[in-house]
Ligand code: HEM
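The chain below stands alone and is given as structure tokens, in the form predicted alone.
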């Protein structure tokens, strides 16, 4: 073990500054994760709970006048939007950022400042959304914001703009946190923790994080197009001008249906951690469970039109999406049977976390069965938009998500606070929620089958719906004290709860070997993992292969002047690199404020304010990535590598930066694919393309521009090769040539766009033409800014043959930009001739 003084030094080194400044600049994963959790609960109490209570009181009896139709529309819009965007996902991302370093045996997340940025954007986006209440402009078009209802014609005020722009900020935060989680799970684990030894919660969060990237990005593009229609007069969703309302539904549900599984998979990860501990049994079918997680992740993207069975899709399309909707029940069933087999063969301990797990199994299975029912097209045509769907949705989300959240809080509360939640209050909490949920939502199946549509603020007497609605309302009145008991339990136990000790449940995973609560740096000596259940199978966590033992003990004593973390191989989990983790910074908050300024300015149509916000974001991101002087010499790095066989990069990680760049490129690629989908969808909807009166796009100037931009790639390639051999002059020449060629190509392309006679407000063709062109130019501008900063740092002598990782990353992004340029402008200028 390190000396006590060393432990204190590590703790001080990894802690955030104290006071208000520390709150604003803090990046420590425990703090950021806890803030996400608490803010998610704040929003659920503010919106999710109060709204649902008022709605149920309104529907308790026929022809009730407690609230009018307008307020009711606002209530169900707010309830759905807040629950989907501001509550469940931030809570699970908070769980992940808080717990993964403890669970995986590492000291921090790979991008602490990105984690802080994710929190600030989530918080500020939620507040921007809620500020609509102050102006009496609460969104009222449902959480799906279907066009044309959400278009300018039927929603002329700013209410929908609050929905689009406020939640858009929060979506950016969700993606930022997802990137943080992916890199953490893939590259920052304890030595020896291979992928097949990884806790199932980490697997669930890894799949979920990829799903967030693939699902939220199309929604951001869809929201962009909707706001362009509303604020700039484009015609994406206006059928009379070549647009299509169904395009919005496709873009929305490409996000919307995976979103259900984005919320469900982390919940299964929580359950998978709790079941083995409270049955004293290793999970049955670990590898099958992992395969099921991955399968659900893929399949969830193959059934978005499941929500569009009634819009008139061709029978072949209906058959495909119906089959996909049923097939996904297979991997979900694998998970259920894995838990049942584990419980059946174990010795259950009926403590509160396990009670919530059993409640989850019962309620979620009912919700899953009704999900298979609505996957059948004939049944869905009857039940569509009825209360049967409301019942199904709430059984899935409350049973499949909310109960595991409560289970997880009861399970990890002792680790995070050092105190146990009260068991007696926990049982009251569980039974009130379990009974209340079934009383509230089971009757909705019946009233839905009787024909009661959803989203109606009242109904006539004599239809036979009254008794079922009254029972549902009584159910919600049972749930409310259940939540109250939970809040009281948390407050009371945090102050006077029974002390927990390090491992009160006799659990098997790494986090339970740490003190409760853990130190700021979590791990003084990194664990060496040799089992899926290290606390059950290993007597000592710091023992293993000799070279690994020497390494983990070496890193526990050195360095003590900068935050050192370890990167491991994705498959073999052997140490690959020791790198410097970023520390506290005000710039993530500044960048978050810049993002909000962009969206807020668009809300009030103050376009120069949006431009100022963009400048703030660019400046803040540059500042938070500004190269810091390495805290040690290259000779000291070499000395450590010679002794332990692991490279040291005190100036920043080569591997983490490479993976992060790859994910950034993936984000750009998904956004680009979403715009291409929009382009070709609109093309199919319009027999005349371009529309009558608009000429075909030019070819000459775009070809010259493409040639110049492609040639810039040669400059980047030259620069990358010359710095590797220490040729500073050739390196600088390559960088400058690449930048000059790209700027020249961009200028020629902008000139071609300006001379083209298409009008972006007149027809959907012009709208998608200039939007896609703008996206490509924006990607190119981002790449050019990166390159300009590299030129600046190169002139200051920052890069050496050993320390030049940013060059490789910028070169990778530059290559991606070239692909986007060729694909984007190639589509715009050639598609009218070829299709």
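Positions refer to the first chain, counted from 1. Every value quoted in this text rests on a predicted model; they were computed, and no experiment measured them.
Form predicted together with protoporphyrin IX containing FE: not shown, discussed below.
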Subject >> Non-hydrogen atom contact residue 83 with protoporphyrin IX containing FE in the model of the complex at 4.5 angstroms >> reply: yes
Original post:
Does residue 658 reach protoporphyrin IX containing FE in the model of the complex if we count a contact as any heavy atom within 4.5 Å?
Top reply: no
Subject >> 4.5 Å heavy atom contact, residue 79 to protoporphyrin IX containing FE in the model of the complex >> reply: yes
Original post:
Going by a heavy atom distance of 4.5 Å, is residue 289 a contact of protoporphyrin IX containing FE in the model of the complex?
Top reply: no
**OP:** May I ask you to choose, among 102, 709, 479, 274, the residue with a heavy atom within 4.5 Å of protoporphyrin IX containing FE in the model of the complex?
**Re:** 479
Original post:
So which of 681, 144, 640, 459 gets a non-hydrogen atom within 4.5 Å of protoporphyrin IX containing FE in the model of the complex?
Top reply: 144
Original post:
Only one of 514 to 522, 691 to 699, 447 to 455, 367 to 375 gets a heavy atom within 4.5 Å of protoporphyrin IX containing FE in the model of the complex; which is it?
Top reply: 447 to 455
Original post:
Looking at protoporphyrin IX containing FE in the model of the complex, which residues in 430 to 453 have at least one heavy atom within 4.5 Å of it?
Top reply: 441
